[in-house]
Structures are given as C-alpha cells and as structure tokens.
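Listed next as structure tokens is one chain, alone, in the form predicted on its own.
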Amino acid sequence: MNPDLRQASIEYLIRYGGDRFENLFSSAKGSVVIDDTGREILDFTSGQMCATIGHNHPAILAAMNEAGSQALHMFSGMIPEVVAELGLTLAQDWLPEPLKKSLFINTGSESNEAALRMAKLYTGGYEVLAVGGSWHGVTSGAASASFASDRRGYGPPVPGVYVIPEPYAYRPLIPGANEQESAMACLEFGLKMYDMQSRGSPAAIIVEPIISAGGVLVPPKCFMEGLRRAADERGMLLIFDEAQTAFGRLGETFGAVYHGVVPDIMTTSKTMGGGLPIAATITTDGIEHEVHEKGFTFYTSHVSDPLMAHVGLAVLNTIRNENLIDKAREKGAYLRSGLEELQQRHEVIGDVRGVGLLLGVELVRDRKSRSPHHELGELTTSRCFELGLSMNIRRRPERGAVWRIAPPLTVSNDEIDRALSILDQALKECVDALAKPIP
C-alpha cells in the first residue's frame, strides 16, 4: 500500500459519482480484483459490467499484442482490415436478420447518440420515447433519454423526450394485476400521454431489453412486442440498447433473441470489449443506405480504431470457443438457485429476478409492505466488500434497494458458492446489527 497514492487520489482526482472505495486497486484476473493491500475481492459486477470473459483474459492480451504489432489507431477515413473483419463476423455469425451494418465507436453513450441521430435523420422527426428506470449514457441525447437517475442540476435536456412507465412486476403499476397486465398498462398509459403531447415529429423508441440500472427489471415479451407495434404504427425506429445484454450474458446471444423481437437499430458496448472501450451501433441495409444518402455523420477521433476491433474479435471468438453463452445460462441458474435459497432464510429478500448472469435481489423491510430497505442495502453492500465480495447496490430513494449481480461469464461454481456464503453472512450480521437497540 502506498499512502501517498491514496492521498493523491483524494487531492488530484475529480469525484464522478457512484461508489468510491478508500483503498486503491492494483490488478485483476478472472473474477477477482486485488486492492493495494494485496487483498483479493470477488468482482460480481464484472468491472463496470464490462469484463464479460473475466479480467485480463489471455485472448484479450494476445489481441492487444497483435494490434501493437500492426496498428493501434488510424485516420477515421481509413478502414483497417480488422474492422471489416469484425463487421463481417457480427453480420454472419451473430446478428439477427435484418441487422447487418455496424459503426464501431467507444462507449455506450456514443453508440446511443449515433442511434438517436440516425433515427432522427431517417424519420425526419425528433421525438424520442424512453422507458422509466432506463440508463443510456451521460452525453446529451443519451442522458435526456435516461430516467434511472442523475437528471437534476444539469439544465434543460434535449427537447422531445417522453417517458413510458417501466414494467415492474414486483411493484406493479396496477396493484393486483399480473405481470403482463401491469406491463401493458404501463405501455398503454405512456403511449397515450405521448400521443397527447406529440408535435407530430416521431423519431424513435429506445429501450433496454432488461432495465438494469432501474433495478434489473425484465419486461415481459408482450411489452417488447407492444413497443415494436407502437414504433411501426407511429413511423418510429425501435432501438434496443444492448450494452449489458448482448453477447451472452443472458444465456442468449442478445436480448432481442431472448424476447423474440428485432429492433431497427441495436447498440452494444460493455459486453463487446471485455473491459476495453469498444461499442457498436448496428442497423439494417435499408436504414444505413437512406441515412447515408441524407448525409449521416458520426466521425470521431477513435471511430473504427484497429486496437479495439482486435479486442472485440477476441472477445466474440472466446465467447464461442469457450461456450460461454451456455455457461452463462447454467451458471446463472446455479447462482439464482442459491439466491432463492437465501431468500427462503432471509425475510429481507423480497424478490430475486433477472436472466442468465444479470440478476437483481431486492431488499425490503418486510415482504408484506415491500417497503425498500435502503439502510440495509448500504450496510450489507459495505459488509460484503469487507468480506471479499464487490457488488453494485441500486439505492435510489424512489426505487427499491436492489443488488445488481453480474459476474463474468467465466465465473466458477466455487466462486459463486463463496459469494453466496458472504451474502448470507453479511445479511445476518447487518440485520442483527440494525435490530439492536441504540444504547
């Protein structure tokens, strides 16, 4: 441990929100990160949900080395061979038809900005429908369509953004309604409000196949089918933000495949780079042709960079070669079973939900009232970290206290068992501590 560097992090770095730990971190491998004291910590957020195939996978290191021997960066008009290869691989081996054409950039925010620009240019409209609880990024257009948090204090958003209430089976819009009825009520209400307010310039509907930052909410298939119909009826393009759901985390290639609904534009990022910054905006031949004819631009300093394309190919090949999609389904079922067993023993676990290796655990004061237990969520998350497990806690006061659990697809059963043991211990200790009277 270097106390000078810890002090430097406090004195010289801008704080950017979210969780921040007192210690610094030195290295990572597989499902483990190591802090500046040498302590190993299970990483059940896969970094920022990015380390799909585990930290520092040998295939990624080899790809970086290969790129270093060829080219790391080029002028944006010069398309590297490896970028064409990545586009070909996606189109032929991964994407649901008719999705085919890819734009390779750096982050999820960028990919959603490109998608929204594309939709506005294609339709001639500017109005965007988004879903409550969504998170699409921090750049202006993406942030305007994000409703999970962080909307206050930054001035007016991009005009023309409207919201549909999110389908939340554990806290349904209509008390007593089943999951499908409540979800469709959310959709109907949101569309009616939009239709009343619209200036007649529809452009896009944007949605995450699983609403992760909103609490790992899984829309029923009927909701996603309803969005497809709503987009078609209004002349809008349907955008799926698959930053967290693409390339196997759900035990399927994409959230679109899981729901059986194909969007007009798909955006990907986190799960494509395995921890390095590559993202893609993907659309059909017809849409790409029309927006190109209309003058579509999205050239950035690092569009089509060869380094990131090498890494993206390595990640996709590793997912296939190591059968990680099937493993995500199997490991996800194993982890969920363990979480549901904990639910049987801990009254404060109100709900366990999610798909594959993207799971949510909602903490409540009691199951009858379903009142969110934010204090317990914060305490247990901190205690888990002390015991060697890092997770993300969703703790917005207006929403539930939800652990977001998303380990690498390479996680082992032994690591899952260890994580479950830590969760069990942390819950017991923190519930007991909160129950003790204050002296």
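Predicted model only: the values in this text are computed from it and were never measured. Each residue number is its position in the shown sequence, starting from 1.
If you look for the form predicted in complex with a small molecule, you will not find it shown, but the lines that follow are about it.
Residue heavy atoms within 4.5 Å of the small molecule in the model of the complex occur in exactly one stretch of 105 to 113, 347 to 355, 253 to 261, 85 to 93, and that stretch is 105 to 113. Note on the partner interface in the model of the complex: the residue among 223, 135, 168, 122 having a heavy atom within 4.5 angstroms of the small molecule is 135. Although the partner is absent here, residue 244 lies within 4.5 Å of the small molecule in the model of the complex, judged by heavy atoms. In the model of the complex, residue 270 approaches the small molecule with a heavy atom inside 4.5 Å.
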